[in-house]
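Presented as structure tokens, the chain that follows is alone, the form predicted alone.
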């Protein structure tokens, strides 16, 4: 089973979208195996956005993600990286389709509500920034998994 990292960013938390976003993930049949609210430290932010270091927007990313709490999640499922990215919609909300999280809840690129890893490798790296293995609870089944196993 694939894992990915998902974060509801500060604007999503501040706007009260936590439940709506989690509902979309769960209704898709994906399993949330790690979940917590946290204030991102500068060190965590720098590790998370390391690939953007030196770019003109890097400092703004660090300032934004550390400005208010986030909801950090580990999500599991088949093709979960691709599935979550489809649920989120395009990075720029003005290009995101209605019906996606960003298309429905985000107004501008700087505040695009949600982050999801772009690859399995990124997911593994990002999960380790925010979770210990002991904080991830994979040993249970969703109703979707139970039904699927009986077919």
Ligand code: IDP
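Given the structure is predicted, the values throughout are model-derived calculations rather than measurements. Residue numbers count along the first chain shown, from 1.
Unshown form predicted together with the ligand; subsequent notes refer to it.
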{"property": "Option from 66 to 74, 22 to 30, 35 to 43, 48 to 56 whose residues, in the model of the complex, bring a heavy atom within 4.5 Å of the ligand", "result": "48 to 56"}
{"property": "Site test, 91, 109 and 112 vs the ligand in the model of the complex, non-hydrogen atom cutoff 4.5 Å", "result": "yes"}
{"property": "Heavy atom of residue 125 within 4.5 Å of the ligand in the model of the complex", "result": "no"}
{"property": "Distance check, residue 61 to the ligand in the model of the complex, heavy atom within 4.5 Å", "result": "yes"}
{"property": "In the model of the complex, residues of 8 to 34 near the ligand [heavy atom within 4.5 Å]", "result": "9"}
